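One chain follows as structure tokens, the form predicted on its own.
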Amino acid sequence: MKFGIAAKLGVVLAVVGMLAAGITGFYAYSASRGLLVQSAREDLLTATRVLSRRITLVREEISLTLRALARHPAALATLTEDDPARAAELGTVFALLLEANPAYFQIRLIAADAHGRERVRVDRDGGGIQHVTGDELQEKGHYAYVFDTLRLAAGEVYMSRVAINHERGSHAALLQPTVQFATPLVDAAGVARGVIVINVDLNGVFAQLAADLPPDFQLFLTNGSGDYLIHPDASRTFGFDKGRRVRVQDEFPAALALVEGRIADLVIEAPAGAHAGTPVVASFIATQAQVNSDEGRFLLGLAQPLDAVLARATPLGAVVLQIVIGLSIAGILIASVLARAITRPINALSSAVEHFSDDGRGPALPVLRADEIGALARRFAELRTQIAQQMAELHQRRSELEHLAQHDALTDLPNRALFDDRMGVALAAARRDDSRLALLFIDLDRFKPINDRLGHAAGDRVLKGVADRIRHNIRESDTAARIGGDEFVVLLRSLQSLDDATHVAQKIGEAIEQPVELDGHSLTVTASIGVAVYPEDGIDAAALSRHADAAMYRAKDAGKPTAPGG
């Protein structure tokens, strides 16, 4: 039996069609897998940076707490006047802070004299709070967090090395990963009379920070030398405390460049060594302590199993396989019957397939045809649409992570980082245009009893309501942000007069004071508002913040919004 040209061409076209379908399907699947892995690498690095920013915010919150305690009148009075009543008052403040911050192990007031004797000390012990008194108070002058902190200026903060706590009588902190934050207490003559120290539960802090991460993410933290402080396998942490070295560069060799400071961040795939059984995609960044510290640098990392990333390619692979099979069968049938007739549409389809990954900018697919070529074109169009949808979802996730890094998770107001950025832009515009702006510090006066009586869920709803009321009483060109538990700031731009800022502060205060109906309870909170105006009260953000903060404290006493000097 002889084969004619059409039959031969049909066989050739069928074979070529099957090969083209297989190669195209393999390329599409491989390219999609590569895009998924690359997107996962970028998302992982973004998540690591977001987590690093959250850690910075926690450190800033602790620093703010220390500075506030150092300004408490009872602190210096306890050191200089040896007043038991003021010491008891300060102990109550310490206990309240421990109750509000589960990650705090201990808060102490330590004198500069008497070999660094503890004057006020409140410890976390099991599930309760313990006030340590009498002979149980110890001398701590030989610890770096005492003598190094005493050398700092007022308002500066010291951070110790992260280590296992071996201090005798530390209660819940004993033998736990701990870091001490401290600030000096300086009298009016500029003499350091003592220090306030907060012992922080490292594991507790990171457990809170990692709560929003996907369950398959693995968290790593090392010191500047690469020694593990946090690791999914707890037996690998604090090896230096047990006479051995367990370092990130041994588990991830590429991280050596990060440890040595040659690069600032790193994203790798680890398919061998300790991760041969379960390959991972890992992201590491180096971060500075940013306070007075013996630690210097930390390395923060997140890892995700590679299988979890590639699992999203499985449905795509099934679709590609169906398309390849369908294309092969249709090619054989059509080539055997109408070899010459289908040459042109097959070429058009092959041209479209060659531009498969061009985001739909390639030649149009013949989806309107009623034959097999049209069916194949429609299947390819579906595949291209699915890939576009997946890429859109990945971009959306990245946008959500960026939004989370710049906004408060509870109230959706800008956080401190975004507010500081807008403050800088506003100050630059004010200097250029010779205009005024105002900074408002807002602190809720009767918020803690709501948390204590109705619970944190009710408190969160009140904070959201307060945020909405602040937002509704300012212009779209102004910025409101939440910078702490019940602390807010507002930036007012392009003011016509000093009275404008006070008027807005009064509107906000009156809006906040309106009763809130919550689960059958009528709740009322008030706000102390301090106002600082550029350029009368300062020409930079730091000066304006100091004036607004001072005005807010005066407002607490006066019970109304107060501008500096008012």
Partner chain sequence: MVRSRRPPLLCRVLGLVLGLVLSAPLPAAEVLRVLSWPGYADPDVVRSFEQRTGARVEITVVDADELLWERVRAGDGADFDVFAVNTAELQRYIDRGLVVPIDLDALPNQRAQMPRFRDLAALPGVMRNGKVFAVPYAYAEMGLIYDRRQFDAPPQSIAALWDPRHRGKVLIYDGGSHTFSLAAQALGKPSPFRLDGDDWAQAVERLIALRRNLLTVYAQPDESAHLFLSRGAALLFANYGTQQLQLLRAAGADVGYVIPREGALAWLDCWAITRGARNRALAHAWIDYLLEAGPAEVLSARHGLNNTRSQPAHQADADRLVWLEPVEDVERRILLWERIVSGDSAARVLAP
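Remember, predicted model here, so these are calculated numbers, not experimental data. Positions refer to the first chain, counted from 1.
What follows is about the form predicted together with the partner chain, which we do not show.
Inset, instruction - Mark Phe217 yes when one of its heavy atoms lies within 4.5 Å of a heavy atom of the partner chain in the predicted bound form, and no otherwise. - result: Output for Phe217 is no: heavy atoms all beyond 4.5 Å of the partner chain.
Inset, instruction - Report whether the minimum heavy atom distance between Glu99 and the partner chain in the predicted bound form is within 4.5 Å. - result: Contact check for Glu99: no, nothing within 4.5 Å of the partner chain in the predicted bound form.
Legend entry - Contact label in the predicted bound form: His403 to the partner chain, heavy atom within 4.5 Å: No.
Inset, instruction - Classify His166 as contacting or not contacting the partner chain in the predicted bound form by the rule of any non-hydrogen atom within 4.5 angstroms, answering yes or no. - result: The answer is yes: His166 has a heavy atom within 4.5 Å of the partner chain.
Inset, instruction - Specify the contacting stretch among 144-152, 261-269, 83-91, 453-461, defined as having any heavy atom within 4.5 Å of the partner chain in the predicted bound form. - result: Result of the contact check: 144-152.
Inset, instruction - Could you work out which of Gln390, Gln249, Gln138, Asn203 is the residue within 4.5 angstroms of the partner chain in the predicted bound form, going by heavy atoms? - result: Of the candidates Gln390, Gln249, Gln138, Asn203, Gln138 is the one lying within 4.5 Å of the partner chain in the predicted bound form.
Inset, instruction - Could you spot which one of Arg236, Arg161, Arg378, His131 gets a heavy atom to within 4.5 Å of the partner chain in the predicted bound form? - result: When the partner chain is considered in the predicted bound form, the option within 4.5 Å is Arg161.
Legend entry - Contacts with the partner chain in the predicted bound form - residues in 83-103 whose heavy atoms fall within 4.5 Å: Not one residue comes within 4.5 Å of the partner.
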